[in-house]
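As structure tokens, one chain now follows by itself in the form predicted on its own.
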Amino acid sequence: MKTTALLRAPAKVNPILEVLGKRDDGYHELVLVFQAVGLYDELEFARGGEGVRLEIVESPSPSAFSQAPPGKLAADDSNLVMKAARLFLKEVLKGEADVLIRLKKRIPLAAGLGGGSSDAAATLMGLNLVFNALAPPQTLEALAARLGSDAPFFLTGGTALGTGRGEVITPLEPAPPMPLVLVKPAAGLSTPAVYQSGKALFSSGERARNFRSLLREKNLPKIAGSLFNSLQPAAFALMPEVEAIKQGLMRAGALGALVSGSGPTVFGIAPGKAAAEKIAAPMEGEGRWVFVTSTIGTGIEVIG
């Protein structure tokens, strides 16, 4: 029986994010495209000890371009990893259990990259493995949706359409390989503040539908020219540096650039890997975190 597991949990960007309107339950109705990218947190699970314990391991900067660490994260029940573990024990194991979870954090916090949700989904998968619980994918998806609107996406990853709050996931035609430059200001942005700013744009969902046909064409310049985020004006209004970062990426040669999720990270699509590194270089400084990566066709992976 497997008693340890090592998983890596990817970040995401959103080439399309449309807000259709506000729902009766207080959430917003969304249509968005998720795209997994090659920036990972790592989570190690080991049965034993006493109770559920979380250790956060300091991680070195993931790139020569990085200027700021991912940020400080509490190892208590406020952490989505602990919330996911408690939920799994309650709903799947139906009791208490002893396990140590080590989290190596590389995805920055409050960045619009989905790191917390990815870690939560990886926790469900990891505990399912080390306790041999055999919970089916549908169960893990339902639990993930209770932890965060984008958490279910990370169970499958790749390229996908999200509807509802973002938790209803439909796999899409894989995106062509896209070299990316990610730039996050030193400060973070609160997702509730972005939605409550009154600056978000409502739209019809047509851009997401059209994006599916662009994916089939595999035309990188067309994809880069079709990026859209209803929340981008709100991020610009709350943090003007975000708009400056987007303009800087475009001046440096990005084919297209966009705020990811509720921000403040901006991603730029580059025509190639060498171009991505060239675009990234002038974005350094002012406490910014800068990372060169590319799209990936997977989600959370078991690597040990």
Ligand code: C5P
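Residue numbers run from 1 along the displayed sequence. What you see is a predicted model; the values in this text were computed from it and never measured.
Below, we refer to the form predicted in complex with cytidine-5'-monophosphate, which is not included among the displayed structures.
S.K.: I have G26, L30 and R165 flagged as a candidate spot, so tell me whether each of them has a non-hydrogen atom within 4.5 Å of cytidine-5'-monophosphate in the model of the complex.
M.R.: Yes: each residue has a heavy atom within 4.5 Å of the partner.
S.K.: How about P192: is it within 4.5 Å of cytidine-5'-monophosphate in the model of the complex, going by heavy atoms?
M.R.: Although cytidine-5'-monophosphate is absent here, P192 would touch it in the model of the complex, with heavy atoms inside 4.5 Å.
S.K.: Taking heavy atoms only, is T156 within 4.5 angstroms of cytidine-5'-monophosphate in the model of the complex?
M.R.: T156 lies outside the contact set for cytidine-5'-monophosphate.
S.K.: Is N79 near cytidine-5'-monophosphate? Define near as a heavy atom within 4.5 Å, in the model of the complex.
M.R.: Result no; N79 lies far from cytidine-5'-monophosphate in the model of the complex.
S.K.: In the model of the complex, does G148 come within 4.5 Å of cytidine-5'-monophosphate, counting heavy atoms only?
M.R.: Contact with cytidine-5'-monophosphate, yes.
S.K.: Quick check for you: of 108 to 116, 214 to 222, 126 to 134, 195 to 203, which stretch puts a non-hydrogen atom within 4.5 Å of cytidine-5'-monophosphate in the model of the complex?
M.R.: One stretch meets the cut-off, namely 195 to 203.
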